[in-house]
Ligand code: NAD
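Just one chain follows, in the form predicted alone, and it is written as structure tokens.
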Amino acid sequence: MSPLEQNLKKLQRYLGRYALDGIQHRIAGQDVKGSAGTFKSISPVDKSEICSVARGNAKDIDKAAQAAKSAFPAWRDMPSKERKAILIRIAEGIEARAEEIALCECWDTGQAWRFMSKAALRGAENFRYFADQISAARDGKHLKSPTLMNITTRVPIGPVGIITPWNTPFMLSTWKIAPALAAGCTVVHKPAEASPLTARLLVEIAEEAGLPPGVLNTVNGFGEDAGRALTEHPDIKAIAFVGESRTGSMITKQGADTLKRTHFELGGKNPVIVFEDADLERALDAVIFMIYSINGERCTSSSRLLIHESIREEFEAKLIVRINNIKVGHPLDPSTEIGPLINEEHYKKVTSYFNIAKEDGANIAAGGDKIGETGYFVRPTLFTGAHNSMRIAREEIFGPVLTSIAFSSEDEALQIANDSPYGLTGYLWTNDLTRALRFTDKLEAGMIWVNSENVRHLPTPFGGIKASGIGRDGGDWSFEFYMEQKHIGFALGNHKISRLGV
């Protein structure tokens, strides 16, 4: 039996549990049917129905918000040692079911097994990391003044809403949920409607690890009903959202009346700038990895290649050979490098840029076509002869599509890189240290890697500027969002107090 056949057999066993009842909401430790009925979860691999999913609306969100509100005091006041133990057990539960999580995620999203098997374990790392930070999360500062001993402390903000995307949904859910729970918040989680399977697995694992009922609640549904109800609910104190910039703007408006705190990780049109003095073989590997892995469906993908004109022809020639050799195939085949796109709507969006590129006057140097009719497969694509005013250089395609743009000088490269409404990440390849220092200082991006692909380190701040987001994840930055600062001043003696009305 081939590795693909083995994975398919395991997947069938894991999916069998959803055949009868599908996926229901999980509220206060109980399964709850959707007040708005159900919708179907469809696999992008072959367009088959995976299972039915409860469709939530304002009624379900209110029930979940009330559960989170009721569970908050006890969870907030639980000794940090006990909360840490629960989060560690959640990490252990994720590790024990990592294969199930990865296989379900591949089938649900189309992501390749080689990446999802690691993403599941990364979710466990997220819980372990933030479990270790629990004791320090409420630590404050001692700020002495002439008359007062001033101290600060932090307390959890309360019930929060977390809305997660369909690309690597399990890992990104843990990225948000783990620090929220570690801070002492309770959570209402609305996963993306296109990828509901592993959100269900996460809440099951959490409850089996001893997480009290109501601390983590999952409500499935669409943005226009369940999502909007969550962002408008008065008992939800903050919204953490990962997704499109346009949706982030809508959430800001929806949460305005209740003065919601918001944290957004939004879109990107990230540049990778390759200078003539770079290690070109390593740069080639990084450029390819950061746009074609995860099906190109990642916010940090380097979707604009800015290449020095003196090396453009040679670099693009090598790119074309490598791109044409990337294996597109069944996501459960361990040799597959690119699987199908998430759903029909996104498939149509990505493939529409093939004609847009031609209309703009760019060249399709590799790919640019669909594969088969059984699923949402496309060939990895390279556009050359482009300039930064083209739609293919300005709009987030969010697929395995790279746009190559030549530059002649450092100043021109910087101007092109910054000429974007987005500012999430940037990647710079050069062996000139002074150039790297100059360039990174002026590059408009929340995160920059020099001579490296995106290597995530959990204590560092993750987030963007401009239309790419508000706020930062990671380390203490996560706690800054999920917690409120308090100041308490203690008088050191009988300092002078002004007397009125004597």
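No experiment lies behind these values; they were computed from the predicted model shown. The numbering used is simple: start at 1 and walk along the sequence shown.
One more form of this protein should be noted, the form predicted in complex with this ligand, which is absent from this view; the next part is about it.
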Problem - Contact residue in the predicted complex, from E193, D360, E99, E410 (heavy atom within 4.5 Å of this ligand) - result: E193
Practice task
Taking 4.5 Å between heavy atoms as the contact cutoff, choose which of V272, A283, I163, V401 touches this ligand in the predicted complex.
Solution key: I163
Problem - Joint contact, I23, I94 and G123 to this ligand in the predicted complex, by non-hydrogen atom at 4.5 Å - result: no
Handout entry: in the predicted complex, S303 touching this ligand (heavy atom, 4.5 Å)
Key = no
Problem - Partner contact for G243 in the predicted complex: this ligand, 4.5 angstroms, heavy atom - result: yes
Practice task
Decide whether E265 counts as a contact residue for this ligand in the predicted complex under a heavy atom distance cut-off of 4.5 Å.
Solution key: yes
Practice task
Verify the contact flag for F462: yes if a non-hydrogen atom of it lies within 4.5 Å of a non-hydrogen atom of this ligand in the predicted complex, no if not.
Solution key: yes
Fill in the blank from the handout: For this ligand in the predicted complex, the stretch among 380 to 388, 102 to 110, 125 to 133, 251 to 259 with residues bearing a heavy atom within 4.5 Å is 251 to 259
Handout entry: Residues in 290 to 304 close to this ligand in the predicted complex, defined by a heavy atom within 4.5 Å, in order
Key = C299
